[in-house]
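Only one chain is included here, represented as structure tokens and corresponding to the form predicted on its own.
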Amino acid sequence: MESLNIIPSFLPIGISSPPALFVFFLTFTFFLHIIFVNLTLGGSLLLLSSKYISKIYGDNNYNMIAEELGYLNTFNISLTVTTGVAPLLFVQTIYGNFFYTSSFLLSFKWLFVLAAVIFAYYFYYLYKMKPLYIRYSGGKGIIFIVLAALLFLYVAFMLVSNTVLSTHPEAWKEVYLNKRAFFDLPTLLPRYIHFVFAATAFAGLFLMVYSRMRKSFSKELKEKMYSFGKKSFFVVTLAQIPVGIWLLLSHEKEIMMLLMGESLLGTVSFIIALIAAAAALAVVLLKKDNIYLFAGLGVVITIFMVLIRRTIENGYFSKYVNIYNMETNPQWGIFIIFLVLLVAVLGILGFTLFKINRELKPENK
């Protein structure tokens, strides 16, 4: 296979822990990361939608929903960046020879991701703080959210592109020689649309839960926020059905079959994710107002979608390398330090969320 000749070799020193541990922590930390990614990206799109509805129908409740989303996303962005470090490091450790090559092929387009996140973060703060004339302008700085949303869509596209390109070494040579565009890969476009839709649906589900948690909101605002989140979740999740089928069929047959019986983990995850999504639609359709059920279904769907993603990516990489055969040079002291730091970070993350919850109380806002 020609592509094997252009895949860089693993580091000869070996990795510091068994590969299975790296795969486990990659999956776990990515799950934490994707929650805040969904809230940031989906929240940005819902903010713009809410602002548009407010302008068209003159309903100030939707303007207040947009302001609340803008306020929340300043926290979500920082948590997205913070929780994104660990899965990125795990990917670089066990799939570094694939990831670095695809990053190199994307060149400046990949490097701009960091700048895009920084600019988007500042744009959100300009919208939140509304300095100088922005406070008195008609649009109240919504242009900054438009720019931030475009930058986040760009970041999402590049992350999906890098992931897909890293799993297709057979395309690297043609991409390098400019004989083929990286976005020409068959799974890239449906995967990107699926990603953006999933983030929007998750943010809609979050709004439903959040509207019931904020006792300080007026009854009218709570109902408008709940209804807006419900419609967003329901419509976008329905739209996911054809997109999901498109994404599934865009994979090579042997990869697709990992979700259809060839892989126990992939098949079980696929079935549970479908059942959970259908249950969430049914609960919303039947007007069941149970925030714990909504939150639980959202977490279950996210967990099993992450496992599906891991199954598919492992399927692609396994055509070229078996990471479980990687040379290991265990350094358990470092691993114990990592575990201690991970627990500390999770504790800090929990404390941060607690403080944010207190910050959101009306007397502190």
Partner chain sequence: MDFPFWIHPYISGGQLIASIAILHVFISHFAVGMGLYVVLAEQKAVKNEDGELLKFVKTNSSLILFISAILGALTGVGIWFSIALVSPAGTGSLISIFVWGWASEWVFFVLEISALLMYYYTWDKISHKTHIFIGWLYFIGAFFSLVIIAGIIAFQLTPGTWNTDRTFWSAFFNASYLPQVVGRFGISLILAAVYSTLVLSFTKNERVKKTAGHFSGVFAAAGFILTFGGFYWWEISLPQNIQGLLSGGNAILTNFFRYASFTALGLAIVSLFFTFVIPKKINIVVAVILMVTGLYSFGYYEFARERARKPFIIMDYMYANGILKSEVSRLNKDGILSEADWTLLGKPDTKISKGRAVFEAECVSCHEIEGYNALKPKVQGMGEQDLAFFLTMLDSNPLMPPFVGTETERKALAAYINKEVNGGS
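Only the largest set of C-alpha atoms that superpose within 1.5 Å between the two forms is called the rigid core. All figures in this text were calculated on a predicted structure; none of them were measured in a lab. Residue numbers count along the first chain shown, from 1.
Just so you know, the form predicted together with the partner chain exists too; it's not on screen, but the next bit is about it.
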None of 263, 240, 93, 250 but one has a heavy atom within 4.5 Å of the partner chain in the predicted complex; the exception is 93
The partner chain in the predicted complex has a heavy atom of only one listed residue within 4.5 Å, and of 81, 146, 277, 284 that residue is 81
Would you say all of 64, 206 and 218 touch the partner chain in the predicted complex, counting a heavy atom within 4.5 Å as a touch? no
Answer with yes or no whether residue 60 is in contact with the partner chain in the predicted complex, where contact means some heavy atom within 4.5 Å.
no
| field | 4.5 angstroms heavy atom contact with the partner chain in the predicted complex for residue 334 | value | yes
Worksheet entry | Touches the partner chain in the predicted complex: residue 74 (any heavy atom, 4.5 Å) | yes
query: Quick one: is residue 267 in contact with the partner chain in the predicted complex, heavy atoms, 4.5 Å cut-off?
result: no
Counting only non-hydrogen atoms, the one stretch of 250-258, 225-233, 81-89, 192-200 within 4.5 angstroms of the partner chain in the predicted complex is 81-89
When the partner chain is considered in the predicted complex, the residues of 169-189 having a heavy atom within 4.5 Å of it are 172, 173, 176, 177
Inspect the rigid-core superposition and answer whether the C-alpha of residue 350 shifts by 2 angstroms or more between this form and the one not shown. yes
Flag for residue 341, CA shift 2 Å or larger between this form and the one not shown after aligning core
yes
